[in-house]
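Read the single chain below, which is given as structure tokens and is the form predicted alone.
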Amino acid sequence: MSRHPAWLDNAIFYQIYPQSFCDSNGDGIGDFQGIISKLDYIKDLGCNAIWMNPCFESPFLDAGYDIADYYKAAPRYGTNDDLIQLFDEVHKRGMHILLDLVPGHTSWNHPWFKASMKAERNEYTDRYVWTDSVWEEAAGYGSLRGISERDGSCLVNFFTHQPALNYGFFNPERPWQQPIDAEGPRKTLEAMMDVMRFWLSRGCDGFRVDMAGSLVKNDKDGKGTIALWQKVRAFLDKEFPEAAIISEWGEPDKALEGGFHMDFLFQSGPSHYNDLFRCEEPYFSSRGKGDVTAFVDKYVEYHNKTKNKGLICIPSGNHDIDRLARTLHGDELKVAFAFLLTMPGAPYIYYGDEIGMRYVEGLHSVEGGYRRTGSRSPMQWDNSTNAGFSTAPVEKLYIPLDPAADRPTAAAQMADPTSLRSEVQRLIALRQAHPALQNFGEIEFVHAGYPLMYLRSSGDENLLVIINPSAEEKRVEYAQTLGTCIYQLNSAVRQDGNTLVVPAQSASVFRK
């Protein structure tokens, strides 16, 4: 197995969207001190690691993914000292925290970009990807044009205000396309490693890397980008060997070859992640019309390619996609979490998913959220003012709350042993008690359909997981004995000779 920080063995992550988590000063926007005040809640749930979305100086045209200063915390969240205090408080609780690194682009307000727009050459001229003429755009990319005295068009990665940093082209085809070993791309990578060095030396435990597979341009097979990240991994192994790096790539074989410790399966790409939770007929819907086979086939393919190299992670959701509770409800959510928390790879729980927070329909876009805005509403802590998120007047809240009278709250679910949160807490405790269920445990699929069955193993421990999201009882051939049941959601699995009778909307784990 490739080397990785030991704390990743049983890491269970909780994703915090800082502006929506907890507001400590009544301005309607979440902040570092608010997060600190809720760390015990996260630990009580059972999570021992945090991924926090970007928290740096920004004009917030894309919710902080448009960074104007990598070295300064955004004042609306607090100071650098407040952020370092957050690191310290996380560590006091035996937990770890990852910051969100955005290496592919900056805000157009970043001093680097302002310097790169100047006609005279300077140290930032080649920090971004520019064509030689304002009349030439880069085929396949958006661009900024006619904005400066410099002649040229600047590539953008997504939104118009996000100029692309220059890591070079794997196969340069135009005079302005610099190779990956040119001085400009090398300086850009050095600058990004300096950013990582700055925050790691102050207590950050690593980074989740935004759009990690997109840095080198004209790199169809990812070879140039893989080589770039291998340099980063060598730097980290030398200076910060306990730091973790997690990629938003969606192709684990490439990400792990590049030196990442884990990669997300997420909404875009070939993983069939959406088949599980977010499509017309999700597999985890009780209607029982979904199809899990394409997901399993792709997962097995990735698992074989990355065997003993790193982690493939399946998140409950994130800030870019619909809430889990938009398509799943009631016990469907409990069954889905039984899957998420018994699969290999580090689990990631998006804030509020553990209580079944809903997608808020009909919202206007906030900070570039557009249709994603409904998944970014404030955390619902209790039934006090603004659901306990903030004491600000309701019109000043970062994003409107779920207006429903029956919106779920953390307080109510903590008091209810039958709630979704209580079931998630129970599942996390089960996972942490059994090495076979943890991040590096092996997996072998036994049956892909209704039910879904897989073996998890580590050392001498072998566990069988049986999950049936359907509202109908299912039967499947299974000639072996089940063993001892160590977890059961809803009714118990029965064995009738060589046939298993799997109850509707159930999940079970057996020790073999």
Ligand code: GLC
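No experiment lies behind these values; they were computed from the predicted model shown. Sequential numbering from 1, following the sequence displayed.
Same protein, other form: the form predicted in complex with this ligand, not shown, and the subject of what follows.
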query	finding
Shown-form site status with respect to this ligand as positioned in the predicted bound form after superposition (2.4 Å backbone/C-beta criterion, 3+ atoms)	open
Heavy atom within 4.5 Å of this ligand in the predicted bound form - the one residue of Asp402, Glu248, Asp253, Asp219 that qualifies	Glu248
Of Arg76, Arg127, Arg372, Arg323, the one that lies within 4.5 Å of this ligand in the predicted bound form (heavy atoms)	Arg372
In the predicted bound form, segment of 207-215, 229-237, 323-331, 391-399 with a heavy atom within 4.5 Å of this ligand	207-215
Close approach of Asp62 to this ligand in the predicted bound form, 4.5 Å, heavy atom	yes
Exercise: His110 in contact with this ligand in the predicted bound form, heavy atom 4.5 Å	no
Contact test in the predicted bound form: His261 vs this ligand, heavy atoms, 4.5 Å	no
Arg376, heavy atom within 4.5 angstroms of this ligand in the predicted bound form	yes
Residues from 161-179 in contact with this ligand (non-hydrogen atom within 4.5 Å) in the predicted bound form	Gln162
